[in-house]
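Just the one chain here, the form predicted on its own, laid out as structure tokens.
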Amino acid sequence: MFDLIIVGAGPAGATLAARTGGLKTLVLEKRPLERPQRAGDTEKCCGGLLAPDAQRVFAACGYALDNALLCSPQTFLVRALDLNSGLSRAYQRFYANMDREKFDRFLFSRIAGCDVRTGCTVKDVRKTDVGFEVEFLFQGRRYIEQGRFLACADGAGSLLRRKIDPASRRTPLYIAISQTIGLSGREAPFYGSYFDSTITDYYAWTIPKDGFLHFGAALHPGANARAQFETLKSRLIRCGIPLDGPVLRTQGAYLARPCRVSQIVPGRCGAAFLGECGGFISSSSAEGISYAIQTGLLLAEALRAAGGDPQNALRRYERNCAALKAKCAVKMVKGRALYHPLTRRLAMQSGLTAIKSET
């Protein structure tokens, strides 16, 4: 019997696992984060930009970004293009361009004193009289482990949350499709954000990384999502965005986008939900790393204060998350303005906070 089972060792789960304070802890993770990445490994579908909020909580953990985690170029320019109005503006932003897989491995390397199993697939979870039992596949065998407390950090499409909390209001899910595209020697000295309300009510992005271009879009899930992605890509190519190079990799993943505070749920039925699993993500920018790390820190604090008592810890965690939920609510308001075609056009026409750029 474990005191704590953590499912998912991304930024949320790894942050928590590094601070379990002597609890007997089991960490389950699908990716082989204990070793350097190899060709064919599953990757996180993520642009890999560390926003200022994420930099702040990363620093609060006492961490520093090593040069090996960073990608080139480190640019401070975001070009926004509204395909509906034809407006384009440049804005200064302070993102750190990083390798997301190396970043996750860095956080994973900070875990100590836990029983860690990578390369495993969770199949089921059940509530018991003493906590939870988690069923998973590991090295070709099926295992069942029991824990007094369960921390779910398995992302936006969380299997655990669907099993544990089937009646709660779901955070709306988008499908994020991304491609790694060769630049063929052409420069891309800016990050890009693109809006086309005929295809998606969210946005698309480009991020240059070490001679390649990461292109992604958040779309409503469905059979035609890939076709919409390709349509948007073609329109951007006609606008001069260098997306016509060779496609080296295509990925997809669910992306949470809460639109009501009631959709952000720190926990239910005795289990804690961290990061996107609980709906903690910016609905204006889709930035989720800062929320993931913060929820890991907040649950670790709650567990310490509760002396390991599961129910007390969950109550404390829910209280600890109040400020974070309020922050998410502000992002929802901002997102409604940003993604409405009229208010977006008016904001871009005003030129407020925009800078002149030769790019």
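Bear in mind that the values here come from a model prediction, so they are computed numbers and not experimental data. Residue indices: 1-based, along the sequence shown.
Quick note: we don't show the form predicted in complex with a small molecule, though the next part is all about it.
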- Since exactly one of Phe229, Tyr202, Trp205, Phe106 fits, which has a heavy atom within 4.5 Å of the small molecule in the model of the complex? Trp205
- Message: Exactly one residue in Arg304, Arg315, Lys30, Lys325 has a non-hydrogen atom within 4.5 Å of the small molecule in the model of the complex; which is it?
- Response: Lys30
- Query: So, Cys46, Leu49 and Asp154: all three within 4.5 Å of the small molecule in the model of the complex by heavy atoms, or not?
  - Reply: yes
- Message: Although the partner isn't part of this model, could you tell me whether Pro242 comes within 4.5 Å of the small molecule in the model of the complex, counting any heavy atom of the residue?
- Response: no
- Message: Whether Tyr254 contacts the small molecule in the model of the complex should be assessed with a 4.5 Å heavy atom distance threshold; does it?
- Response: yes
- Message: Even though the partner isn't displayed, in the model of the complex is Val116 close enough to the small molecule, meaning a heavy atom within 4.5 Å?
- Response: no
- Message: Is it the case that Ile289, even though its partner is missing from this view, gets within 4.5 Å of the small molecule in the model of the complex, heavy atoms only?
- Response: yes
- Message: Please pick out the stretch from 330-338, 307-315, 56-64, 30-38 that is in contact with the small molecule in the model of the complex, where contact means heavy atoms within 4.5 Å.
- Response: 30-38
